[in-house]
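Let us start with two forms of the same protein chain, each given on its own as structure tokens and named structure 1 and structure 2.
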Structure 1
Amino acid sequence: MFLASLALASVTVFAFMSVLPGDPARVALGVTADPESVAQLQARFGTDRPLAVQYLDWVSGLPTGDFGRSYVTEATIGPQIVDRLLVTLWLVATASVLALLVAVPAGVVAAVRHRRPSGAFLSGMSQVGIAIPSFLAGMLLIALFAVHWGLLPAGGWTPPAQDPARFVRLLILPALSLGVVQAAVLTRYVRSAILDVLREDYLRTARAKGMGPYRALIRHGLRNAAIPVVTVLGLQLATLLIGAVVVERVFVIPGLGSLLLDGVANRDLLLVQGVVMVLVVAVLLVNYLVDVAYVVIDPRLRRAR
């Protein structure tokens, strides 16, 4: 399954990149290009060969992690992707943790108090949060915290090993802007999952035995509510990676997103193909982890297998 998905992805990605208008050699040479040097550069890139040959050449390197060389930087692509992926992972992981920390309590409270003003308020806030795109959240946070109050830097990146304090200061705003939207989306799902659970007979029984609403929920409800939430979380991780592309641009972070966008703009085809393949693998991996999580959460699934 895994391999079939990858093979299909590689064909699709390659096909898309080859029908994309614009020639890497022409882009490199700009508004002063003449046909001779374009042909010369095409020969060097290997883009003058038949597409099938180019595809086989590219795909045969993938299993060993050889993504080829970038047209633009002339460096091997693998290490570049790893560098950038680490940056994006920090961002996505921090944002996800933030989102969970906010969404689970907020969703539970919104569900349990759904008939009261405080629950309705939380519910309303999450609607607002969903409506705010993360890049807008980023721009607002910059305007307030960086430009207006001068508390945090407006953007940039420092690896954690180089300067941990600065790393954290730089990570706060982008992780927040990415996390806020995620938290809002997750809150909705947590709320509706909990609401469903609250209507279940076993919870009514627990309450009838004299358990308080939160205690009953924590003992009997959370685990049951977790399945749909984990599903959404898995799906959201994929969108988080995409959302990171935009947020990286706003905060000038050299992550996978900016690598991808620059790659497309420069028609650095091999690089773009490499990044997309890595993203595909990441998404497949997350789906796999979600499946594993189901089994951990729900013992019935374990027996079914």
Structure 2
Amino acid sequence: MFLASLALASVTVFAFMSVLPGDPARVALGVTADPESVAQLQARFGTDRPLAVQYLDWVSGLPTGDFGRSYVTEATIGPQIVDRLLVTLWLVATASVLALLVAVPAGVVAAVRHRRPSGAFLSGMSQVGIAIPSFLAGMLLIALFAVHWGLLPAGGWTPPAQDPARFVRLLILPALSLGVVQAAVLTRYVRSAILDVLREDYLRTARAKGMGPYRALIRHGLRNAAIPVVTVLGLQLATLLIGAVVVERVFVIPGLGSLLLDGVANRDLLLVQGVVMVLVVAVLLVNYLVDVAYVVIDPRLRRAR
């Protein structure tokens, strides 16, 4: 099923890129170029061949990381995507961990204390967080921590191996802008899942035997509440990958999102095609890992299999 989805995704991505207006050779040479020069450049790019041949040539190189050469710079696309993907993975992984660290305890407390002011406050704050886009959160964080207080740099990137301390300082604000917004969304789902578990008979029995609310929930309820939370977390990882496109531009981070936007601005369709395909593969892989997590969390699924 994963391979079938991957094949369908490759056809879809290639088809969308093929129907976009604008010939890469004509864009590269300009509107005043003579037809002979355009034809020569089309032959060098390979865009003069039938679409089926172009697709098979492109898709046959994907398993080995061969995405072709850029129409604009003529540089190999594969190494560019790998370098930028590593930067994006650092950002997305840090934001995901931050979202979990905030959302799980906040959601649990909001559910257990939902009839008290503290629970209502956490629920209200999560609603506010949902309403704030990641790029707006990023600009607000820059205004506060970089411009007003001068505590952290406003943007840029340093590889972790080059300067670990500066790498951490540069990663804090973009990870916060992505992670805090996603934490607000995840908090709502954690709260809802925990409230459903709190109404179950087995949890009432544990409370009747003398267990406190948090102890009973940790021992008997968290695993049952984890199934819907894992589903939402998988969707949020895909959202983080897409959200990183804008956040990387706000913080001047040379990640996959910046590469995608540069390719769109330069009409480098083959580069855009490769980046979009990598994002699609990442989303499909996350969904597959979510399915695996279901089996690990719920022993009933293992017995059914």
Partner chain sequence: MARPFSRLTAMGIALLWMTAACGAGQTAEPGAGGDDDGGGDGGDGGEATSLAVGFAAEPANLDFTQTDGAAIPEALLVNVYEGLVKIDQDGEIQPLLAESVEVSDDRTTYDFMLREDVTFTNGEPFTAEDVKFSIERVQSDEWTISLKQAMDVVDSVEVISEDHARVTLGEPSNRWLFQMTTRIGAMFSREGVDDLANEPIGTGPYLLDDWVRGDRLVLERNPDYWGDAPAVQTVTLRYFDDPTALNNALLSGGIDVIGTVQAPEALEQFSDEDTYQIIEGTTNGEVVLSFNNSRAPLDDRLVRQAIKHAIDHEAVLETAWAGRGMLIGSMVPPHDPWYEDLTDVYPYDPDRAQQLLDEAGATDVELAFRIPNLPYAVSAAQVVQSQLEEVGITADIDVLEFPAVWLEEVFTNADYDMSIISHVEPRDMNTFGDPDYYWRYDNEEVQRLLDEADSADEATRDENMRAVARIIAEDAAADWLFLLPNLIAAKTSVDGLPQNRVGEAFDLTTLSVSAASG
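In this text, the rigid core denotes the largest set of C-alpha atoms whose superposition between the two forms falls within 1.5 Å. All residue numbers here refer to structure 1's sequence, counted from 1. These figures come from a predicted structure and were not determined experimentally.
One of the two isolated chains is the form predicted alone, namely structure 2. After superposition on the rigid core, the Cα of S70 moves by less than 2 Å between structure 1 and structure 2. Relative to the superposed rigid core, R26 shifts its CA by 4.5 Å between structure 1 and structure 2.
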